[in-house]
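Just one chain is shown here, as structure tokens, and it is the form predicted on its own.
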């Protein structure tokens, strides 16, 4: 048996990594198609604000972060859909406001500590069975919602006006997508880290769009690449004694670069 499977905390990390690797790109493909990749970073900073508040007030950091991202996701989508602010402006306002609040709260708490660092960059040692149950439950909700609402998500991602004429509740679908993204970011903090989970939402999607034809194929490819990047990154982190979150994201980035190189060389060969 490989050494990585001899440690319970690594087995939990691999399971959690696989769940995050499946959830993040599954949501990310619809965000990328809507040109809303920035919302992942925005909600990550909102989650950081929630964690900081939770640590300062000695309440559940994950619970506060989940409530913060849910409210932030709904507010951003309402502003964007009602055209009170342009989409990128609404996200920028929430990103910088949440970051400012987090910095102030962290300073009030006396600066960074070990607990906060585990949320910022992930900590495979702190993952417990409760985290896995939460991540597993959310994965079922996320993937189930995507299967059930695939047509609505696809239509509203490509052409919102046409989707409305065919009866799609574009506002409701958009808000649901944003809320699920916020929840996925919050529950992925312990594995990837709040500052890096946005990359796992976007990078496998970009890679899949380079090699897959059709939305369903791109979705399945993105999920496969996300799971593979998470598992490979965690294995690299274990054997090389590296930070887990960074190793996972760098593995995903390496896959994207490899795919880009292959596509480029094939294009040169055909030319």
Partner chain sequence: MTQHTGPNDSLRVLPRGEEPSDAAGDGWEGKAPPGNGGQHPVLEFQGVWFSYALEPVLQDITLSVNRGDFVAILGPNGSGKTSLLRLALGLERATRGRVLLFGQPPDRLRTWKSVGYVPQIAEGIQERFPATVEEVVAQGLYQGLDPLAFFRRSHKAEVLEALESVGLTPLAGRRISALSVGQQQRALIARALVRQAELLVLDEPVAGVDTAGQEQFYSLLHRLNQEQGITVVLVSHDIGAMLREATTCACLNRTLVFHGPTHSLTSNELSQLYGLPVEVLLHDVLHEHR
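Numbering follows the first chain given and starts at 1. Since this is a predicted model, take the numbers as computed values, not measurements.
Not pictured, yet referred to below: the form predicted in complex with the partner chain.
Taken together, the three residues 147, 154 and 157 all lie with some non-hydrogen atom within 4.5 angstroms of the partner chain in the predicted bound form. Remark: of stretches 233 to 241, 45 to 53, 60 to 68, 205 to 213, the one touching the partner chain in the predicted bound form is 205 to 213 (heavy atom within 4.5 Å).
Contact check for residue 220: a heavy atom falls within 4.5 Å of the partner chain in the predicted bound form.
At a distance threshold of 4.5 angstroms between non-hydrogen atoms, residue 98 is out of contact with the partner chain in the predicted bound form. Of the heavy atoms in residue 32, some are within 4.5 Å of the partner chain in the predicted bound form. When contacts are judged by a 4.5 Å heavy atom cut-off, residue 168 counts as touching the partner chain in the predicted bound form. With contact defined as any non-hydrogen atom lying within 4.5 angstroms of the partner chain in the predicted bound form, the stretch 38 to 57 contains no contacting residue.
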